[in-house]
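Just the one chain here, laid out as structure tokens, in the form predicted on its own.
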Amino acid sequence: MTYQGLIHRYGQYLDLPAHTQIVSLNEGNTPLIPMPRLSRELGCELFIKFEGLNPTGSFKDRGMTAAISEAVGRGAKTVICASTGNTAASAAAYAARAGLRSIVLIPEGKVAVGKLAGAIAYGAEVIQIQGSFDDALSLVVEITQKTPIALVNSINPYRIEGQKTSSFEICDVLGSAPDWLCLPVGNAGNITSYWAGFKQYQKGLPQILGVQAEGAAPLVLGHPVEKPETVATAIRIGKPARGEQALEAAHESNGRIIAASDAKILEAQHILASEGVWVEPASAAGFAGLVAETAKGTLDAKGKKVVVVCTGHGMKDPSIITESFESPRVIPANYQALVDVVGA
């Protein structure tokens, strides 16, 4: 049977209203990639759940197929979201697929070019505000409370319904839940949805390690961060909409939420790329946390099955690589010049 997207595959597990009309780009079904070299180094059985291979390059497509499908079913004509980038591209793509108008609010100067380009390419009306992501979210909540415009941020409950399907896929491939699940935490919808999914699927429960960036770690600090700053733009959020649920998920799983420095996140990005998996900086946060906690001895991964969720593709935020890349060496177009350079 041809794969038709996650609502077709897992619809029986999703709490979606009867009026839902499926809008899909065949999202989901992303690979669970074994990492043999890193497994040996860490002493565990390590897998990367590579959500960057969803249609718009991030995990947001899982929740967006559900949110847009519900919005279409109730007759919405316009959708809106606040975004640091990935939600914008996903909302714009699924709205385009459904023939809806899409509006995206972004914090001024705080969105990776690759993500902004996606939103524009899919036809979204992009508006920058002079404020943070949290300011943008407050505005879209207000306008959707006062108009028929549909909100498709992760506070939309149907986003969680779609996103929890990644838990199902992990269990289907491994045969059970892993021992540890490590993932980045920004607005906290994803950690919330994974935990909900594992509990519902009843194939075991992992311990969860959620990782924030040090410059945007309200759940670690215990209070909002008014001006979050981190190279990991996708998790540059100071007041997570689902913060309490994220803390509950970490606690219930006997796990925790920690913070990683930008330097460690970028180092983790480099390490993952060295084994063939290129992710955007925020997506490397979960692996950065795993490495740090393992080194400190505060996370025992020895002999365990560990899944690290990488939420977005490296092409979403390539500037961190290109800005540090020295211009390629230029040589004459002849064989001897090439031999002299490569040392063959």
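Each residue number is its position in the shown sequence, starting from 1. All figures in this text were calculated on a predicted structure; none of them were measured in a lab.
Heads up, the form predicted together with a small molecule isn't pictured, but that's what we're talking about next.
Shown alone here, A234 lies within 4.5 Å of the small molecule in the predicted complex, counting heavy atoms only. The small molecule in the predicted complex is not approached by G63, whose heavy atoms all lie more than 4.5 angstroms from it. The shortest heavy atom separation between Q269 and the small molecule in the predicted complex exceeds 4.5 Å. Shown alone here, T311 lies within 4.5 Å of the small molecule in the predicted complex, counting heavy atoms only. In terms of contact with the small molecule in the predicted complex, the residue from T84, S167, T230, S102 that brings a heavy atom within 4.5 Å is T84. Site annotation in the predicted complex: the residue of I80, A188, A124, A136 reaching within 4.5 Å of the small molecule with a heavy atom is A188. Per the 4.5 Å heavy atom criterion, the small molecule in the predicted complex is contacted by stretch 279 to 287, the sole one of 22 to 30, 35 to 43, 279 to 287, 298 to 306.
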